[in-house]
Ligand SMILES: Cc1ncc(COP(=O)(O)O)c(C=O)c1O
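One chain follows as structure tokens, the form predicted alone.
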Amino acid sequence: MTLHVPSQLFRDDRIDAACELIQAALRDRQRELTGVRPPASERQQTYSDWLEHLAGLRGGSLYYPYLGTGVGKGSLVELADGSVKYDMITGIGVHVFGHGHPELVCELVRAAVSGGVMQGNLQQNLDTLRLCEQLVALARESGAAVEHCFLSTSGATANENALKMLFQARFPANRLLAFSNGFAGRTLALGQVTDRPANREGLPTTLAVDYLPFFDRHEPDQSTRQCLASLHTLRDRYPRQHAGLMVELIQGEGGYYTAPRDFFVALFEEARRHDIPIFIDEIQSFGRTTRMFAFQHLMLDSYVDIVSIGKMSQVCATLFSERMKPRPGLISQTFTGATSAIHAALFVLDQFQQRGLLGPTGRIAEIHQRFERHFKRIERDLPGTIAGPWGVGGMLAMTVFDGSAERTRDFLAELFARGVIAFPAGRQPTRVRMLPPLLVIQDQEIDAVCEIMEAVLRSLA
């Protein structure tokens, strides 16, 4: 079905004129952003006071001393202390279009004059229909049996909806299979799935989760056998009690590790033999491999029962097969997404189709290869300071020094001070990860970022 919004409002010349004026004002301001800039000394005390005040209001300090002005230009973002930095983590993968994208700003203007700030259970606009249609079509491109799409405002909610579907479809099964070192979210239920005991300290047990060992690239055959053996043991211990298997094909918070297709096929085939549905969490990996979905990148389409997406899509979603279709009342939300976020999601999907980002020779692959060449050069020139693996596609990672949490934090703090924002992931080792703004990052910016990284490694070594 092809949708054309009938409203004359969005085709009004005055809206176009307003967009042009706003874009002109934005570009004038963006001319000031030409590269990394240090903080202004006269703003330091005021900035520190703002950070301290916010920490008091929110009950805890920010990870970085980051308060933005709201002004940015592609990979560059301006902070309220006057500094300008390269944003290589983009809100943990949210701002795939960077900062201050003129075309996106125009889409948000059109969303602002739309008939509602939020869309949800009782009121959905045609752009919701268009987005759901596009997401289902994308998921089905290579044969996945995905037929339905439910939007939500966060990745955690998308995952919660998926879990509810699994447990309802498999009632009375009351357990879940997941991978060790995985991350699912921080709600009461998802905190049980996330393999981080410290995150749920003091919280009640809400969900019975059994962990399977993830793939070990150092012992590929043995780790596959161990995973299957664990599955057999758990299946025998809890017969017919597992409602589903929840999988990150690329472990995000776990350190950007993945596994070859054969590992997943062996596991998924065994799960299928025992009628255990497969739920793939792509909140972080969506749009960051050679295909829109990592399950397509690994050619696992035939195994998908449920898949969740988020972050770069702006609006999150749970996509599911007919057999996972919930009964009325199980999933329903006052807000399934802001109209501005839905317009932004449509813009992002359109850009992915137009700009040649995907495929083995697409822009995402080029970005990864350029970073990887720099990392390997630094590894050669500064032995012991940096090591791979380097992640997958638009999910870049490396280990610095000994991989300890302390040395990694020191590296990230100095990197931030010198003008590049990255973030940690994983444990034993703790790794440095980057989620660059794939739609806008330029080759010379990649080079500049890696030059700063190399300088920080030299100074700390």
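One rule holds for the numbers: they count along the sequence shown, beginning at 1. What you are looking at is a predicted structure, and each value in this text was computed from that prediction instead of being measured.
Although it is not shown, the form predicted in complex with the named molecule is what the next lines describe.
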- Only one of G391, G98, G244, G185 comes within 4.5 Å of the named molecule in the predicted complex by heavy atoms, so just point that one out. G185
- Name the residue from Q192, S154, Q296, Q168 that puts a heavy atom within 4.5 Å of the named molecule in the predicted complex. S154
- Query: Picking from 246-254, 119-127, 358-366, 223-231, which part of the chain touches the named molecule in the predicted complex when contact means heavy atoms within 4.5 Å?
  - Reply: 246-254
- Mark N159 yes when one of its heavy atoms lies within 4.5 Å of a heavy atom of the named molecule in the predicted complex, and no otherwise. yes
- Query: Do K311 and the named molecule share at least one heavy atom pair within 4.5 Å in the predicted complex?
  - Reply: yes
- Query: Closest heavy atom of T318 to the named molecule in the predicted complex, within 4.5 Å or not?
  - Reply: no
- Is I278 close enough to touch the named molecule in the predicted complex, meaning at least one heavy atom pair within 4.5 Å? no
- Note that the named molecule is not shown here; using its position in the predicted complex, name the residues of 271-294 with a heavy atom within 4.5 Å of it, in sequence order. D281, I283, Q284
